[in-house]
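Just the one chain here, laid out as structure tokens, in the form predicted alone.
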């Protein structure tokens, strides 16, 4: 009997210091795909690694036997087998429902976040390009992307702050009361940095500076959001001027360490410095928090704002959950037929043509 097996960790089950140790850097994906096939018993696999979760979705003929093998393979990416103990697992319909919840933003740190749908899509495309997907994962991930879009179309779950970056800006506003007099430094130039820059711009901050290892990317982001760009070798000087620093980079190690920040504080004459690190792995050394007049927040420290945000939109969350449950039940008909090697039909929405997926059909491009 064929199965869908999910093995992973998320912000709901482990703190950031564990999640960062299980994160799978993009260069390590090809090796992990091969290891999952050779030693994990997976015939197909998609790896979703974000700041809030690391999950492997695998097709396998032996869910029980593959579960422990896949846990060990994931834990071994960072060379720490003990991490396998913090991983959860789900099978078949439960795994499908979980993926649909993830793609819909229902399992995110910030419920309704917009970034996760793109992250799911990119994870699927990476697996497809690596020839790690097959019939089951192709259909399930295409369906998950459809469900994620449907939830955002039929509900207002994505209204208001819907990302860690936008909540980080809300945290800064809560600290300062008014950001119009604040000088903000953004370290990084990726998707989350862009969201943060947009949110800070809406608050009309006094000064917005972007620093990135690639100056051209910093300049492009700064230009779009009425800010300034500075080369990476001027990071120390920019830290000395800032009131709030938001860090979101893809670096695998700390880019700001205690000794560096301590030197900056001497230049600042101990004027308070607020650091918000939404990177996973974390990019600011936790020991920085122990410096006098330095206040460091990481992605898990946003939880109180997350709870407030969810409470305000609970009715829309309930609608989204009901819609995902409905689509999971619909998909279960196809899934049962696939496991029996039969042909079944899925409809994307009322009025659309039916899509027929048979067990022996060739994989579809994402």
Partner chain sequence: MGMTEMVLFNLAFAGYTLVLALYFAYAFTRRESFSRSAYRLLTGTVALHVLSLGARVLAARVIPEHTWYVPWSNWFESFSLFALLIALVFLIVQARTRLPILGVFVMPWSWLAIVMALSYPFFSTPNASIASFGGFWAFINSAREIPKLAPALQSYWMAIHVPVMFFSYSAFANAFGIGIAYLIQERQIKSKKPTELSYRLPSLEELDRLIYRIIVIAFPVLTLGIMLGARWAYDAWGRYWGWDAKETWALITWFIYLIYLHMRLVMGWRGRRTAYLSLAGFAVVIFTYVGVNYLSELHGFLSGTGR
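Between two forms, the rigid core is defined as the largest C-alpha subset superposing within 1.5 Å. Computed from a predicted model, the values in this text were never measured in an experiment. Positions refer to the first chain, counted from 1.
Omitted here: the form predicted in complex with the partner chain. The next part is about that form.
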Checklist entry - If contact means any heavy atom within 4.5 Å, which of 151-159, 119-127, 245-253, 186-194 contacts the partner chain in the model of the complex? => result 151-159
Checklist entry - Which residue, 270, 94, 233, 216, has a heavy atom that falls within 4.5 Å of the partner chain in the model of the complex? => result 270
Checklist entry - Using a 4.5 Å cut on heavy atoms, which of 202, 85, 293, 226 is close to the partner chain in the model of the complex? => result 293
Item to check | Full three-residue contact with the partner chain in the model of the complex, heavy atom 4.5 Å, for 170, 175 and 301 | outcome: yes
Item to check | Interface membership of residue 326, the partner chain in the model of the complex, 4.5 Å heavy atom rule | outcome: no
Checklist entry - Should residue 38 be counted as a contact of the partner chain in the model of the complex, where contact means heavy atoms within 4.5 Å? => result no
Next on the checklist: With the partner left out here, check for me: in the model of the complex, does some heavy atom of residue 241 sit within 4.5 Å of the partner chain?
Outcome noted: no
Checklist entry - Is there a non-hydrogen atom of residue 305 within 4.5 angstroms of a non-hydrogen atom of the partner chain in the model of the complex? => result yes
Next on the checklist: Pick out the residues of 53-69 whose heavy atoms come within 4.5 Å of the partner chain in the model of the complex.
Outcome noted: none
Item to check | Rigid-core frame, C-alpha of residue 329, shift of 2 angstroms or more between the shown form and the other one | outcome: no
Checklist entry - Do you see a C-alpha shift of 2 Å or more at residue 299 between the shown form and the other one, with the core held fixed? => result yes
Next on the checklist: Aligning on the core only, does the CA of residue 153 end up 2 angstroms or more away between the shown form and the other one?
Outcome noted: no
Checklist entry - Since the CA distance of residue 169 and residue 153 differs by 3 Å or more in the model of the complex, is it closer or farther than in the form displayed? => result closer
